[in-house]
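For reference, the chain that follows is the form predicted alone, supplied as structure tokens.
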Amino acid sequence: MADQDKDAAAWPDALYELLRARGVTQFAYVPDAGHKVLINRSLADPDAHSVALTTEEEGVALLAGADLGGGRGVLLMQSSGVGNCINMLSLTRGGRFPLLTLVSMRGEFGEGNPWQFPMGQATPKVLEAMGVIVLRADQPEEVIPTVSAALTMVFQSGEAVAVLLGQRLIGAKQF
């Protein structure tokens, strides 16, 4: 495997290590292939608490509770799940609690499923409209610095931040 291919394959593990090193112990998720490594690593980690959600907005409430209890968490979801969270995202402003979400994007580069385009294209605007700061990583070398910056913004400044993991990074599903 070429060095570039190794780097491309290594970013999810490096991301998990970064999250854990920065005190994230709660992983809220709806099953998603784009977050497979993070989900599997959190499930295998005896010091992490993984919660499978029935819908993404539950994760916003779960992370509010994590903050109230002195913990740190991350919400893992796909861009199609952002629409499910609109009302709950308003709580981050009113309740002044930090929120970190990693969003695997769909409806972008190489997408073959027409149902993924509407929310995939609307995701950044929807998040921004709800007061969430949007950062983006499209290349493996952008993931760690971008999520590191988001962790600082979330857990030191108390902001709500979404890191969009672009479809060029995650890969388009083949149908």
Partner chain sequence: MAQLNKLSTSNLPAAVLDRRQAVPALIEHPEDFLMVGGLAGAAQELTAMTNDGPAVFGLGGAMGAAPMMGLGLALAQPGRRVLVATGDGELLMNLSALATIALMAPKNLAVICVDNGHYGETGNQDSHTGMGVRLDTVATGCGFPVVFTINTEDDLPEGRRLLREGGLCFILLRVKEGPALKVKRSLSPAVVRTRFRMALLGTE
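Numbering follows the first chain given and starts at 1. Every value quoted in this text rests on a predicted model; they were computed, and no experiment measured them.
The next section is about a form of this same protein that is not shown, the form predicted in complex with its partner chain.
Taking 4.5 angstroms as the heavy atom distance cut-off, pick the stretch from 33-41, 104-112, 121-129, 54-62 that is near its partner chain in the predicted bound form.
Every other range fails; the passing one is 54-62.
Is its partner chain in the predicted bound form close enough to V134, T152 and L169 that every residue in that trio has a heavy atom within 4.5 angstroms of it?
Spot residues vs its partner chain: no contact at all.
Is there any non-hydrogen atom of G83 lying within 4.5 Å of its partner chain in the predicted bound form?
Judged by the heavy-atom cut-off of 4.5 Å, G83 is well away from its partner chain in the predicted bound form.
Contact test in the predicted bound form: Q26 vs its partner chain, heavy atoms, 4.5 Å
Judged by the heavy-atom cut-off of 4.5 Å, Q26 is in contact with its partner chain in the predicted bound form.
Answer yes if any heavy atom of M88 is within 4.5 Å of a heavy atom of its partner chain in the predicted bound form; otherwise answer no.
The answer is yes: M88 has a heavy atom within 4.5 Å of its partner chain.
According to a 4.5 angstroms non-hydrogen atom cut-off, is A66 in contact with its partner chain in the predicted bound form?
It does: once its partner chain is placed as it appears in the predicted bound form, A66 has a heavy atom within 4.5 Å of it.
Stretch 88-106 - residues with a heavy atom within 4.5 Å of its partner chain in the predicted bound form
Stretch hits, in order: M88, L91, G94, G95, R96, F97, P98.
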